[in-house]
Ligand code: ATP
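There is one chain below, alone, in structure tokens, taken in the form predicted on its own.
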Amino acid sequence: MHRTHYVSEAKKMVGQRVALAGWVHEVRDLGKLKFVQLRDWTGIMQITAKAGREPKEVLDAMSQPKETVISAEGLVQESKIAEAGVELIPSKFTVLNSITKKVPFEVTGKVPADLDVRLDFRYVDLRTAGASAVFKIRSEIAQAFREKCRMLGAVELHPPTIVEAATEGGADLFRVQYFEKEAFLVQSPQLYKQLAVIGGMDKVYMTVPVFRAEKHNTLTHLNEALQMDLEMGFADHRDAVDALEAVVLHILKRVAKNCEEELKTLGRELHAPSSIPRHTYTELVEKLNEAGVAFGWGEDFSRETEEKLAQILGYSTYFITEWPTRVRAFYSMPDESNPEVCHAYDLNYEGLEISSGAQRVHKPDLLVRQLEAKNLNPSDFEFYINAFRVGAPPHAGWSIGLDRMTMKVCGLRNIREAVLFPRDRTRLRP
């Protein structure tokens, strides 16, 4: 066994013998005194060897370049000079794999590396404290999402990612050859989670990849993204927004509680509010115009208008509800008394839209009219419409962009930093 404990565990084991394994982070050779910092997934431990105290073969083995893969056995003892307050006095030091190629950038972070270089060598970048912190937080977000959905009584689903018809319409689709047919990579799991609710599953959730062939070159868009979705049967838009608020607040509280060290590494102070304000689309349009920003009803909010709204409201995390019907997806339920408005909603978190949803159209005749209004052919969605003809309850749901939420929670500027191996307009590897 190469390892008996991780560094984080070993730091609490003064006076005990442990075996650690990881990478050489830093090396200092003072002749008769050698220091090696061993780094693993959980932290860094200083290994200190002294000529005459430790065997010569141990001191000789410690002369290794940074990022060499090593293991070390020895006694944990208190130290006045080690940053962690403890160090390992080695009885054995083993090289598990030597460096045979130049490491592309400085893992310690002392010399900044360009993001594209980091992504080209993501398997090295993940060894840095910053990248490691991001993906621990991302994991916590995903787990907290699942945890809260289960608390709400939802069941996890796994829908397909290859579909016969565009799930949301539009031309921004990745086409694939599916035997003798043309198919598409899914834009959204929307239709399938609805079918599950219609099938009587009542509440369902999922974490799924989605694909959009949009030629973006922005800091907030990707061509493959990961969504965290919930769908609720016998529910309206108000019920769904309540659930979305509960899930998001639970996620933020979990991250703030369980990722203190990671947030500290990123220099991030995470605020988990007790509630999230709600504003209708029309209300926000009026506020913009009152503030002297010319904004027409029916327009979508740009990054500039969102920044202005944050200034007007005094905060940048809020819901936008009751959107114009013509700018939302065909399955968004129009308001019965004012069909120009639909029961759709977005959640802006720290100035960025991270979630979107709606109460769904559950009446087949209205669904056909909605498809036609979007210039979509109802016959292409016959399998979908037929599901509503055999008894579909009122239902509503939403999706959270895991990549965007990770980006904002971690205080990152570029969404690609929040994704393990991002896929954008030009990047297909590693």
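Since we're looking at a predicted model, the values are computed, not measured. Heads up: residue numbers just count along the shown sequence, starting at 1.
Absent from the display: the form predicted together with the ligand. The rest refers to it.
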Exercise for the section: Please name which of the stretches 396 to 404, 369 to 377, 42 to 50, 28 to 36 has residues with heavy atoms lying within 4.5 Å of the ligand in the predicted bound form. Expected result: 396 to 404
Exercise for the section: Scan Thr128, Gln227, Thr305, Ser71 and let me know which has any heavy atom within 4.5 Å of the ligand in the predicted bound form. Expected result: Gln227
Exercise for the section: Find the only residue in Thr220, Ser132, Ser316, Thr207 having a heavy atom within 4.5 Å of the ligand in the predicted bound form. Expected result: Thr220
Practice task
Spell out, yes or no, whether the shortest heavy atom distance between Glu214 and the ligand in the predicted bound form is within 4.5 Å.
Solution key: yes
Handout entry: Residue contact check: Val197 to the ligand in the predicted bound form, 4.5 Å heavy atom
Key = no
Problem - 4.5 Å heavy atom contact, Val241 to the ligand in the predicted bound form - result: no
Problem - Proximity of Glu322 to the ligand in the predicted bound form, heavy atoms at 4.5 Å - result: no
Problem - Contact set, 353 to 381 vs the ligand in the predicted bound form - heavy atom within 4.5 angstroms - result: Glu353, Ile354, Ser355, Ser356
